[in-house]
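This document starts with one chain, in the form predicted alone, laid out as structure tokens.
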Amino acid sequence: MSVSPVCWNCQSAIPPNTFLCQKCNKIQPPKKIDEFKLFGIPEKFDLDLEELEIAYLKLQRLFHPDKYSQLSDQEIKYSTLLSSMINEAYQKLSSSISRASILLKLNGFNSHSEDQSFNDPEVLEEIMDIQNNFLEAENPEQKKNSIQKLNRKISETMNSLSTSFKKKEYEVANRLNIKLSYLKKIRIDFKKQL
């Protein structure tokens, strides 16, 4: 049985996933917590990004360092650390690629590095075809059409990724997440060339 942490100020027990002491209302040091629990949202791929943003803004208002500027150095330090942790978690959950990686890890799946996707000839061939179509485009209109095709491919991959998480097919989800990562990188490169 694990012992609950205690408040650094009044020594009261601090419940899990809590960053304010319920007795003295002092901010507590950050604890390792997964991004979904931090925001109090369900662990799923298809997030309501508006709900995420509302939870993010609520936490930032609660723990922003400016709110603690008149308090002790300890509270300023903890609020700065928490604010940073909240920002980082928000960025991760806002990105479909890192959100998928977090979900894979939370479900006990060790995701592979992107380098291993080169062992998948189907993904590699698909990526090369997309890149070649864009490079062979002779005018801006054809290049825009290539980007539209790429956007459809990204959308299809996102839908498949969502389905794989719902079915708890983590090997498939990992493969799709690697593919999605490459597709989104290609889109950034294409847009730079327009």
Partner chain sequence: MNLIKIKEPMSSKNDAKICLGIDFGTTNSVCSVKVEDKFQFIVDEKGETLIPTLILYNKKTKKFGNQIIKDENYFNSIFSVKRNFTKDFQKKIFEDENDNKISSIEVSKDFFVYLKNVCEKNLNHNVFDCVITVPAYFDEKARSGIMRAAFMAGLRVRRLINEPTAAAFAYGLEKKKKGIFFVYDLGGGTFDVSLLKLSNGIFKVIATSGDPNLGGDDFDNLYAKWLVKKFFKIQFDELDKRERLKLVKNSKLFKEKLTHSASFYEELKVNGCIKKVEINTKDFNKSVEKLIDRTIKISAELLNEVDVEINKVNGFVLVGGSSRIKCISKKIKENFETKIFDDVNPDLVVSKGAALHGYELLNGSDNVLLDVTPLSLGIETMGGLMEKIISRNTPIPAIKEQTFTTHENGQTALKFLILQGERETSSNNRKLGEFILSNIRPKPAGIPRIKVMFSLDADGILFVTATDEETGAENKLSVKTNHELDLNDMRKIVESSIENAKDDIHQRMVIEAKVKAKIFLNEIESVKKDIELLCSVNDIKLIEKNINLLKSSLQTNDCDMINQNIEKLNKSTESFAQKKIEKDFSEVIGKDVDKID
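Note that the structure is a prediction, hence the values are computed from the model and not measured. Residue numbers count along the first chain shown, from 1.
If you look for the form predicted in complex with the partner chain, you will not find it shown, but the lines that follow are about it.
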For this session: Look up in the predicted complex whether residue 23 has a non-hydrogen atom within 4.5 angstroms of the partner chain, and give yes or no.
Result: yes
Exercise. Do residue 45 and the partner chain share at least one heavy atom pair within 4.5 Å in the predicted complex?
Worked result: no
Exercise. Any chance residue 73 has a heavy atom within 4.5 Å of the partner chain in the predicted complex?
Worked result: yes
Exercise. Heavy atom to heavy atom, is residue 133 within 4.5 Å of the partner chain in the predicted complex?
Worked result: no
For this session: Tell me, please, which stretch of 124 to 132, 140 to 148, 48 to 56, 157 to 165 lies within 4.5 angstroms of the partner chain in the predicted complex when heavy atoms are compared?
Result: 48 to 56
For this session: Can you tell me which bits of 27 to 47 touch the partner chain in the predicted complex, meaning any heavy atom within 4.5 Å?
Result: 37, 38, 39, 40
